[in-house]
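Quick setup: one chain, the form predicted alone, written in structure tokens, and binding and motion questions come after.
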């Protein structure tokens, strides 16, 4: 005799299904808009066309912005993993007085509205008379990306068994060898998981970029914002689809490198 369905379990599935539908609905709408041949959303779609993708990829302005956003995001990815990973190790292992206060300090960029962070950096660069160089934009993105790596790496270090390192040291491994062959491989899932967030946050960063980009050197979100002031067609949706696919590609690449199962441990 089969057990009767539990009402609580059904409600749980219904709520989760509703949440997933709510989260994925904008992506579905963007996909329809990007493939729709008309310059407006219509349901049901009147057909399928790649004209907006062609317009996006044939535009020098869009391509320049896409390339700049990709370059900045890759540099931010590397810097965030290095800085966030080292800071996490120092906070978890360094016996630093007030480590909890320092952790909260490093996480503080996530608590402030990004537009205020961008404005503050803009004012700082003006006071230092350094203008708005690309490296300044990278530093701004890194500021808000490092906390993601810090948080995920600290999560791994929280359950880290230091006896593994001690065993390697007892068998004659130098401190450098213990770090690169024992510690680093074990914390790698946390560092790379944070790196995924860092890349996505940088690639899609708008408020900070709005203050720090130079004319004729704007990132993709800023170019799309300016484009929507004068026109609103499927090219915007095509650009959004490219951004989504870019983020998914990063996840797939990292899955090939270390495996997504490592993230589950977080």
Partner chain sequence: MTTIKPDRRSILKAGAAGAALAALGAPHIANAQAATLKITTWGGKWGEIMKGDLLPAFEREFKCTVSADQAFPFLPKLQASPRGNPIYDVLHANSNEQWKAVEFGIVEPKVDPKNVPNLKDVYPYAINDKIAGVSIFTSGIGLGYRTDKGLGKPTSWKDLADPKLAGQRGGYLIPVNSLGQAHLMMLGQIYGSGMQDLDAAYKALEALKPIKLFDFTGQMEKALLSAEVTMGVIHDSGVYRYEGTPEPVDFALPSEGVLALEQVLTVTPGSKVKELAYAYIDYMLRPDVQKKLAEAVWYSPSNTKVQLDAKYDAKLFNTPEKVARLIQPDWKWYNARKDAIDLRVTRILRG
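The structure presented is a predicted model; accordingly, all values stated were derived computationally and were not measured. Residue numbers count along the first chain shown, from 1.
Here the subject shifts to the form predicted together with its partner chain, a form of this protein not shown in this document.
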Checking 82, 104, 112, 134 against its partner chain in the predicted complex, the residue with a non-hydrogen atom inside 4.5 angstroms turns out to be 134
Which single stretch, out of 191-199, 145-153, 115-123, 95-103, brings residue heavy atoms within 4.5 Å of its partner chain in the predicted complex? 115-123
If we define contact as a non-hydrogen atom of the residue within 4.5 angstroms of the partner, is residue 61 a contact of its partner chain in the predicted complex? yes
Whether residue 32 contacts its partner chain in the predicted complex should be assessed with a 4.5 Å heavy atom distance threshold; does it? no
Non-hydrogen atom contact residue 238 with its partner chain in the predicted complex at 4.5 angstroms: no
Find out whether any non-hydrogen atom of residue 57 is located within 4.5 angstroms of its partner chain in the predicted complex, and reply yes or no. no
Considering only 193-231, what residues come within 4.5 Å of its partner chain in the predicted complex, judged by heavy atoms? 210, 211, 213, 214, 215, 216, 217, 218, 222, 225, 226, 228, 229, 230, 231
